[in-house]
Ligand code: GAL
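Listed next as structure tokens is one chain, alone, in the form predicted alone.
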Amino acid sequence: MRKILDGSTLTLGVCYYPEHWPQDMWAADLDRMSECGIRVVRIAEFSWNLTEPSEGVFTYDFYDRFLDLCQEKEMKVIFGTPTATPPAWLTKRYPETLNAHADGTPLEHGGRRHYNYNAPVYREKAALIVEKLASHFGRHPAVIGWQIDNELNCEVDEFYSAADACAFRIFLREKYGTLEELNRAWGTVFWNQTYTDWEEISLPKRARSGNPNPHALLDYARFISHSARGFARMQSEILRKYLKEGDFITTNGRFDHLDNHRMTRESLDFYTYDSYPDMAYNVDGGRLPSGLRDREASRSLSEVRSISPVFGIMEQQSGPNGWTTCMAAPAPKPGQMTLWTMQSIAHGADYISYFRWRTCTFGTEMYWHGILDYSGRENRRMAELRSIHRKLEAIQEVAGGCYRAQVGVLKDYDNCWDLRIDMWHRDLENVSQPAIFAAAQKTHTPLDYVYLSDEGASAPLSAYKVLIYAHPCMMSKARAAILEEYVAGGGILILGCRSGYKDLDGHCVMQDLPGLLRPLTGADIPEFTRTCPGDSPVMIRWGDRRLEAPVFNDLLRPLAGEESAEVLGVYENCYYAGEGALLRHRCQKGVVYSLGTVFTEELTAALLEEVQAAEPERETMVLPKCCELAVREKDGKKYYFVLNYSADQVTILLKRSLVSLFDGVSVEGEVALEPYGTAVLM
């Protein structure tokens, strides 16, 4: 049985860097952690030199001393492999290990993630340091697990070194076999790009000037994922040789150009995430914010739950954040540290590790604060941590409970990567994804994210009453068949505009739209258009509703002879007024809704009402819009997490008697929730 995330306990941890502090501070720090309920520390992910100070010279004394102290203090340890920051002696002696900018200029030593995954010598040196660490420290009783690297593809998710160019050509040869097939897939006949030798192929670059081949860029994204996964798998295979019973392997973060689902299946026991809710208002990975600020972190937590239903938080925000070069977030207000902790637990995390224990007094992250400020004095955040520990002790029975949602949002990596390349696609998703999330949050409709591939789905689709697939521009026969099976079994599928107009190579299909989805949707799209920003907003008339239809409009008509398809809403105030904007198709036991535009918050809320999915717990409680509802279920019991993201006290209405787990008191009727307050009810 694992030492954490075993389904029986909620555990608190913290990130600690003993190399930043004099040894005579370690024992007192560990004692204070224990007094606050901390049971686990993560260490070592940026400390290659401490074990290999020069090439081929290995010393273990530093971490021997720290781990022995942890064992004495009954503190468990997650050991990080230090491959995110190679030592200066390595990059100086082997400059081919450095990543490069798109113009070919190598990155310089002195930051982090300046290496590339594909330099053979870097793979060799990384494998050696992981082997040395695991063989020496893996049997230490204080060590309970390993973190691979740190935040793969964070900051840098494009690689332009000579080693990457060589590896890219190998990747393409293995995928396509022949240049003829590659030329077909990349459409190289356009603009005379045809290749006659593999060595003619270079890394595609998204420079500000020029227009790189979009199909090459799509394969480039797949290649980066392939490289990162291979790097993780190399380390995992080494670590597994040295695991004790119950030890685990994980990695942290969630960044672009990486199939995290596949990496988890290949290399990890579970996934962990780094949750910084007060950074959520920043644009992240090409998506725009929903306007919900720290509540937006719930969207990321739901994505992580899709990757790994059993997951933890390796870095939970505990203080104000910022580097000397970028980013800035304020200190958590009183109650927010608790709120963000409960947000993570509400979404399924049974392990919460705060970043960090002490705030570093030097370096790029000296403004990225932890529990303690520079002096180490007692402070408000320390007091709140003690309170969090008491609350977790009161809700231990929640551990192992599954998050429950009747609505799933479908996604897939091909479309996620395509929207970074294709502006037309990106413009749709940048509106729809935040709107879907915001509508679900404000109607207290728990959401899951489910990822689709030709091999299947990341979770059984039959578990969901409703699935929303916003803009599956790229579609395959295998994925269409999976959707057809879901609908035939009684599921409700909602599709947005521009569905099915590309294949997996990114080519526009020469079929009547929506291409492979025509039989499923019962719809024909004879015409489509982007909307004009200078015109009056296009509107949809749907019964007594009048809703805006921005960005893009598909004109929807029932397929000829398709009596089970009907138009529910039509466009107004445009040259295609009267044409279908929303179509419903009854298909075997299920229903498909085709929406001819993007998902706005108002449209999504109306659709959730239409399919009777909004407010699934309305018979139990009524909540203001500023509160999130999350439900975990275990052994037939439901645990309701109510999270108040407002700076004001609010009132919730409980329609039946529930037990407040924090204090064991039965509550019913109107219940006050303090600013940033939380409740766990059963």
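In this text, residue numbers run from 1 along the sequence as written. All values reported here derive from a predicted model rather than from experimental measurement.
The protein also exists as the form predicted together with this ligand; that form is not presented, and the subsequent description refers to it.
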{"item": "Per-stretch contact check against this ligand in the predicted bound form, the hit in 271 to 279, 437 to 445, 593 to 601, 371 to 379 (non-hydrogen atom, 4.5 angstroms)", "value": "271 to 279"}
{"item": "Contact label in the predicted bound form: Trp424 to this ligand, heavy atom within 4.5 Å", "value": "no"}
{"item": "Arg112: touches this ligand in the predicted bound form, heavy atom cutoff 4.5 angstroms", "value": "yes"}
{"item": "Partner contact for Phe552 in the predicted bound form: this ligand, 4.5 angstroms, heavy atom", "value": "no"}
{"item": "Proximity of Asn150 to this ligand in the predicted bound form, heavy atoms at 4.5 Å", "value": "yes"}
{"item": "Single option in Phe231, Phe355, Tyr464, Phe248 placed near this ligand in the predicted bound form, where near means a heavy atom within 4.5 Å", "value": "Phe355"}
{"item": "Answer option from Glu315, Asp414, Asp350, Glu429, heavy atom within 4.5 Å of this ligand in the predicted bound form", "value": "Glu315"}
{"item": "Residues within stretch 222 to 252 having a non-hydrogen atom within 4.5 Å of this ligand in the predicted bound form", "value": "Asn252"}
